[in-house]
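The chain below stands alone, shown as structure tokens; this is the form predicted alone.
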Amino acid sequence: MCKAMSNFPSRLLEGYQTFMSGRYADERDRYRQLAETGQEPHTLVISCCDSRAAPETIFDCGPGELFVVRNVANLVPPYEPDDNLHATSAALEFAVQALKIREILVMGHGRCGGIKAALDPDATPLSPGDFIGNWVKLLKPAAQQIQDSQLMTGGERQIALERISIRNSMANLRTFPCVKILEEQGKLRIHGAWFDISSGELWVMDSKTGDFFRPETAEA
């Protein structure tokens, strides 16, 4: 191995070798087609950065099927057309306007560290910039209401905000004109789901009531 590669994580190289001899070998034609014709994913998934909740793995999707945006606590900020940097908004714009995606899924998950941070007003910033603390302020109104409830345990508060944050992100999606107009025209649909890491259960949000339920296909 050349010196330039000596510090590259061996686990990643081993995984790449397995990928090339396994999945890539099996789907070589698919990858070549995607390279030549471009991507046409059917769904935009907005999910958390958490390494335990990868959408491509959970939904068993192949290359080119999902356009995935991952950030802390799977949050969507409201529409703000200014000169600030908006990574999630940029990805959303590209997915809807350029890729013409017509399905958007906001997927939260259990034991989310970002949600835990939002529920802890006394959390110590991890850096002077406190990027996480400022980011999860998007959930501040809901987090404060849950914190004030003495009838809920810590675990119940966590799950409640994990699911409320999904509805909050879905509401913020609808502040984007390109999303709102297409949804009203019946050309785009917005979905919510919550994944339980410990059990593998997928809970889907009812679009009319906002309640979460386990679809029959997800039951063991």
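Just count from 1 along the sequence shown to find any residue number. Worth saying up front: this structure is predicted, and the values here are computed from it rather than measured.
What comes next is about the form predicted together with a further copy of the same chain, which does not appear here.
Not displayed here, a further copy of the same chain is kept clear of Ser21 by more than 4.5 Å at the level of heavy atoms in the predicted complex.
Not displayed here, a further copy of the same chain is kept clear of Ala123 by more than 4.5 Å at the level of heavy atoms in the predicted complex. In the predicted complex, Arg32 approaches a further copy of the same chain with a heavy atom inside 4.5 Å.
Among residues of the shown chain, Gln185 is not one whose heavy atoms approach a further copy of the same chain to within 4.5 Å in the predicted complex. Annotation for 137-155: interface residues with a further copy of the same chain in the predicted complex are Leu138, Ala142, Gln145, Ile146, Asp148, Ser149, Gln150, Leu151, Met152, Thr153, Gly155 [heavy atom within 4.5 Å].
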